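One chain follows as structure tokens, the form predicted alone.
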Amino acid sequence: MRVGIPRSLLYYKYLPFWKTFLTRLGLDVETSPMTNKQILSWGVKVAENELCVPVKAFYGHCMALRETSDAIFVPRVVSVEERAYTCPKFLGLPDMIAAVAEQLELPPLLTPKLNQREKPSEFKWQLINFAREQFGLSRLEAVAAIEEARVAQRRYQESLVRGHKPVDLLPASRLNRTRFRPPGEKRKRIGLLGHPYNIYDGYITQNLIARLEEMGAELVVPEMTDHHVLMDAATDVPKQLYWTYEKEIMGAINHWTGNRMIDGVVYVLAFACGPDSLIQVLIEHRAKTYNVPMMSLTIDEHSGEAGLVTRIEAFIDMLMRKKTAA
């Protein structure tokens, strides 16, 4: 049985775990191609207008897998920690895709429910039950698959903390390699802030990572900091945030500014994303408090290359003038 994993949303965060787990269950795993014009167009045509562009791209990636996969992996990720939730789009994603599956002639969906809101140990049992009910495996076989997947995920995260970005580690994930870097020392250390599915999808962001690197930026991303450090730093707000992945973003900006690690911040958020819009106010306040220049980039399916390039060039020039004046 061949299972397809869409190269969108939580792909950049959990691919090593999911691929290892499913392979260990005896399945052949493939991922969809990188986002391109055709994939995004497919998603935009079928998805509701109110959805953010990463979710629209996810629809397109599911369509890209329909000819080569016997099933598509679309987990329902409700919660990944106690007393918190993920974004509502992850809770309803299997239902949204299932609603158009027949119309789009998609293969069957594999939709394990993952919810750790009450107890972290539930994650393990939910995957065990998924393996037993879907594929008839024993508890021991399922546990072995989970443990091997955890090892793969841990190694991936350790590589990120050592300074790599997900697009450097995941197969065929970088749209374009950096073609040119300014000679001499790197002059600007920029924190690239946002969800992995926003900042690492090179097509949606108009190849933002390579463009910043070509302008002489040394990029710092949230994944380069240990998860527990991010969670601890995220507590420096008046009220605990409701969404786990937004907490990671707040933890990153708090950690970077508190330790004077960056010269500026570029925050990438998707148009129509409620949680991102709410924490944007907190991020801007934090950057202003610590006198760190910040630029917000809002992306959607209509984002143009020329406007993005002009804005990041102006931001980099401003950082250079600020550094020279200092």
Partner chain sequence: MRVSTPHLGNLHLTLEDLFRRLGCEYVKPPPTSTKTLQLGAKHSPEFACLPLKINVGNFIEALELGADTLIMAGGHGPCRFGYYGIVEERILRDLGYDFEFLMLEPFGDGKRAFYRTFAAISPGLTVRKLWKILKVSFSKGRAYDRLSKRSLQVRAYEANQGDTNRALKAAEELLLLADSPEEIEAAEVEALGLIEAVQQDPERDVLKVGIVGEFYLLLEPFSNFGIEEVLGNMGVYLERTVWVTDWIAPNRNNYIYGYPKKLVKQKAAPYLDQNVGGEGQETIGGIVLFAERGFDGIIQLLPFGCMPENIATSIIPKVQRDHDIPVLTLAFDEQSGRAGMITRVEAFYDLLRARRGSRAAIA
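What you see is a predicted model, and the numbers here were worked out from it, not measured in a lab. Residue numbers count along the first chain shown, from 1.
Here the subject shifts to the form predicted in complex with the partner chain, a form of this protein not shown in this document.
Comparing 143 to 151, 232 to 240, 118 to 126, 161 to 169 against the partner chain in the model of the complex, the single stretch with non-hydrogen atoms within 4.5 angstroms of it is 232 to 240. Here the marked residues 27, 44 and 200 all miss the partner chain in the model of the complex; none has a heavy atom within 4.5 angstroms.
Proximity to the partner chain in the model of the complex, taken as a non-hydrogen atom within 4.5 angstroms, holds for one residue of 221, 87, 110, 137, which is 87.
Within 4.5 Å of some heavy atom of the partner chain in the model of the complex lies at least one heavy atom of residue 275. With a 4.5 Å cutoff on heavy atoms, residue 282 counts as touching the partner chain in the model of the complex. Residue contact check for residue 59: one or more of its heavy atoms lie within 4.5 Å of the partner chain in the model of the complex.
In the model of the complex, at least one heavy atom of residue 271 sits within 4.5 Å of a heavy atom of the partner chain.
Residues of 39 to 75 lying near the partner chain in the model of the complex, listed in sequence order, are 48, 50, 51, 59, the criterion being any heavy atom within 4.5 Å.
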